[in-house]
Ligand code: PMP
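Given next, in C-alpha cells, is a single chain: the form predicted alone.
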C-alpha cells in the first residue's frame, strides 16, 4: 500500500475531510508534494514554522545536539545546556517579573501548567476566560476554551470556569477575590485574529492586580514576533503574571513553556514536591532548535518585518468580497460572507499552489500566517493568487 492509503487506514483522523496532501520535502517558504509540485506555505503549520521549513540555523543546531545527547532524564533533574541557554535567552527579552521558565511539550500542556500554577499559588479555584478563546484540547485547556460547540461532547470539564465577552470592560467586574486567574489571548487566534482596545487590557491588568488574580497571557499562537512585536502583550502596554508559549517557539519541533516570576513558580516545588512534572518537556533536541530559532528572530528583529509585511498584505488585498481584514502583523484573517465562500476560495488557492485555511471559530475567515522569513515579492505573489482565487471561485 502507498502512504496515502496508509494515512487513511492507520492514522486517526481529526475530521472527515483532511487536505491529505502528500508532502515529500519542504524548504523555506515552500512545500513540495510527491509529484514535485510546489506550494507556498501561508499558514506556517498554524504559526509553527516561524523561520520557514528547514532553516539552516535550526537544522544545524538539531544535528549538533543529536551528536551530543537526546533524552537524559525527566525535566528539571539534570543541567542540560540547551534548556538553560534557551531559558536565559527568553528571560533576557521578557519583563523582569517573567524570570523563570518551565518547559513542556505543547501549547495545551503550557496552559495546563499555567492553570495549575495559578491555583497553587493563589489557593483559589475560580478561573476566568473569554468567549471564542482557544487554549487547547486537553481537559483543562478545553475547559477554559470559550466555544461551547467544541466542548459540549466532552463535558463534564473543570468546574468554576467563567467566560466573559472579549473586549468588554464592564464585564471585568466579574473578576473578584475568589478568582485564581484570568487567561486571555492578546489576539484571539481561532476567533479570526480578533483584537481588543488597549484600554480593555489595561483595565484587565488593573482588575487582576486589585483582586490578586493572576493574569495569564496565552501567546501560543501570537508570540515569537508574529504580530509585529516580539510579544503580543507589548501592543497594549501591560505585562502578564504568567506567559504561555508554544507553536513558533520550537523552531518546528514540539516545545511549549509557561513563564512566571520565581516567587510564583517555586510554589510548584513544595506541598507537594514535584507539583508539576513532565518526562519530555524541554527535550534537548527541541530546546536546541528553539534556541537557534529565538536567536535568529531576535538578532534579525523579525517582528519589525512582520509588521511591515502585514501592512503590505492589507494594502494589496482590497476586493469587494473581502469584508474586513482582522489581526496584526503576520497573523491576519480575511473575512468573507460565509464558510461556503471562504472554503471555495481556499480550495482555489490550493489548486494554484498556495496553502491557507480557515479559523476554528471563524470558518468564514481565511488565515494568513506565513513564516516570518517571507519576502516582499512572496507577499505580492500570494496576494495575486488570493485575488485571482476570489475571482475564479464558484460559491
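This one's a predicted model, so the numbers in the text were calculated from it and none came from an experiment. Residue numbers count along the first chain shown, from 1.
If you look for the form predicted in complex with this ligand, you will not find it shown, but the lines that follow are about it.
Chemist: Can you tell me which of 310-318, 90-98, 192-200, 105-113 lies within 4.5 Å of this ligand in the predicted complex, counting heavy atoms only?
Modeler: Partner-contacting stretch among the options: 105-113.
Chemist: Let me know the one among 136, 228, 252, 82 whose heavy atoms come within 4.5 Å of this ligand in the predicted complex, would you?
Modeler: Selected residue: 136.
Chemist: Is residue 283 close enough to this ligand in the predicted complex to count, meaning some heavy atom within 4.5 Å?
Modeler: No, residue 283 is distant from the partner.
Chemist: How about residue 241 - does it come within 4.5 Å of this ligand in the predicted complex, if we only consider non-hydrogen atoms?
Modeler: Outside the cut-off, so no.
Chemist: Mark residue 214 yes when one of its heavy atoms lies within 4.5 Å of a heavy atom of this ligand in the predicted complex, and no otherwise.
Modeler: Residue 214: no contact with this ligand in the predicted complex.
Chemist: Taking the shortest heavy atom distance, is residue 220 within 4.5 Å of this ligand in the predicted complex?
Modeler: Close contact exists here: in the predicted complex, residue 220 approaches this ligand to within 4.5 Å, heavy atoms only.
Chemist: Do any residues of 226-262 have a non-hydrogen atom within 4.5 angstroms of this ligand in the predicted complex? If so, which ones, in sequence order?
Modeler: Counting only heavy atoms within 4.5 Å of this ligand in the predicted complex, the single contacting residue of 226-262 is 247.
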